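Quick setup: one chain, the form predicted alone, written in structure tokens, and binding and motion questions come after.
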């Protein structure tokens, strides 16, 4: 088995796949890339048992074979090469020899047959979505997913497909984001919960991509196919909480404000907030928004006044500043609206502009109790 390939092209593809490999694996074979060569097509795969990703690379060869190559060693070596052709030759003594313009490097390889096989999806449902739309949906929601091992369903993003729209939801019980596309639909209704790791991988690869992504899914796995790449992952098992029930419908108090101004103020004022609660206070009266924070233990406090457009009763409400900063930082709008009903009910943050046709974003943030 031997082949010739460009060093930078190989490195670029392997770095993407390397994101799948865990730092510490239960099975030593998972520390490897699987190289499966058939003529001038080299299929490289990486897996952590939950997620498997594979890419087809164009190489110069007329042989075939399957080997498992140590991922870390190969990546570290490739990073040091300038652009040049590399030749890979599998020797009899269980090593693969890489030859560059200046030298030879031998790596011990493992038997490719030991590498776990990717799951085959039996009679899956499927839908197609543009890569950049999927990447945006993941970016807008993933930050709101939880990290609680006791509630695994909330540690992923909920995909909800219907014939009218695609909806993506993430929540950790303190904040919730619902991202909806009315301009993209599926052929049938489906729901599943995607884990964080494969979503982070997809987000990185698909950002700004003009490619179509085919999503196939059944009850236990989902498969994303685009260009020459396939990603298969196990879905999170369980029922997603009824998020619609949490979104308050009647919100008479509506604040409209410049997103950048609001974000800068919250960032500044929160520096003076209590380091465990991160609590800031919003006091709204007329066309004035007063943002304040106080850390009683250290006698630190700050307050800022902003002008805003406000309809509703004067009110005071407390929020965890970190959640507000995350949410405001994740929006690209110039103006945002914050709708509220009572100081103990969730606030709803929505962008007023900057959205594509058919794109809807609703963010919900739970208040914190103010100690007056």
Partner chain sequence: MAYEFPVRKIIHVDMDAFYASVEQLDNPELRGKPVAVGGGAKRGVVAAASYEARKFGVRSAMSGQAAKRNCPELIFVKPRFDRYKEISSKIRAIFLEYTDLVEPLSLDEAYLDVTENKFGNPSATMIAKEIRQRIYDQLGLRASAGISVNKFIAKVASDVNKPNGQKTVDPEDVPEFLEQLEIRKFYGVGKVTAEKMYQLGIFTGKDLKDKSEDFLKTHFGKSGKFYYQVVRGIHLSPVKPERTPKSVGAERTFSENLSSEIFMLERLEQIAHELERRLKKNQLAGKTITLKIKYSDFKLQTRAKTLSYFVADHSVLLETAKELLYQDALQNSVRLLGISVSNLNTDRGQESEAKEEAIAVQLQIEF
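What you see is a predicted model, and the numbers here were worked out from it, not measured in a lab. Residue numbers count along the first chain shown, from 1.
Keep in mind the form predicted together with the partner chain is missing from the figure; the text below concerns it.
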property: is_contact(residue 14, the partner chain) in the predicted complex, heavy atom dist at most 4.5 Å; result: no
property: 4.5 Å heavy atom contact, residue 35 and the partner chain in the predicted complex; result: no
property: Proximity of residue 151 to the partner chain in the predicted complex, heavy atoms at 4.5 Å; result: yes
property: 4.5 angstroms heavy atom contact with the partner chain in the predicted complex for residue 287; result: no
property: Contacting member of 265, 279, 136, 167, with respect to the partner chain in the predicted complex [4.5 Å, heavy atom]; result: 279
property: Contact residue in the predicted complex, chosen from 234, 203, 174, 214 - any heavy atom within 4.5 Å of the partner chain; result: 174
property: Contact segment among 118 to 126, 252 to 260, 76 to 84, 292 to 300, judged by heavy atoms lying within 4.5 Å of the partner chain in the predicted complex; result: 292 to 300
property: Residues of 350 to 366 having any heavy atom within 4.5 Å of the partner chain in the predicted complex, listed in sequence order; result: 364, 366
